[in-house]
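For reference, the chain that follows is the form predicted alone, supplied as structure tokens.
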């Protein structure tokens, strides 16, 4: 699978609302296009995204074939304490891309 880019603050105040911006490079296939021989190209999309902070889920999403190539996803959450934000993208074939960012409460 592809590479994910994440923009997240390194520090925050306790209880502060932070915004996380993500972009994952991934060539999506809807499963409806045909190759040069007229055969359907199998569907291959990112079908799920989840993010946890300190082991607790802060956001999760399911995606369908209409999602764009190289999807951008933005979300916000309140940072209760110093911890790791773990983001995970899952592909149709079960492969995953995971990225971790540490946010320190200052």
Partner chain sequence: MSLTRRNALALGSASFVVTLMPLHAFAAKDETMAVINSFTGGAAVTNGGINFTTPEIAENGNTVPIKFSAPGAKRVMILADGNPTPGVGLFNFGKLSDASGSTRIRLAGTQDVIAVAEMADGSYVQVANTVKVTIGGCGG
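Rigid core: the largest C-alpha set superposing within 1.5 Å between the two forms. Numbering follows the first chain given and starts at 1. Since this is a predicted model, take the numbers as computed values, not measurements.
FYI, the form predicted in complex with the partner chain isn't displayed, but the following is about it.
- For the three marked residues, 32, 67 and 74, a heavy atom of each sits within 4.5 Å of the partner chain in the predicted bound form.
- The shortest heavy atom separation between residue 14 and the partner chain in the predicted bound form exceeds 4.5 Å.
- Remark: residue 56 counts among the residues lining the partner chain in the predicted bound form, judged by a heavy atom distance of 4.5 Å or less.
- Although the partner is absent here, residue 23 sits close enough that one of its heavy atoms falls within 4.5 Å of the partner chain in the predicted bound form.
- Superposition on the rigid core between this form and the one not shown places the CA atom of residue 35 2 Å or more away from its counterpart.
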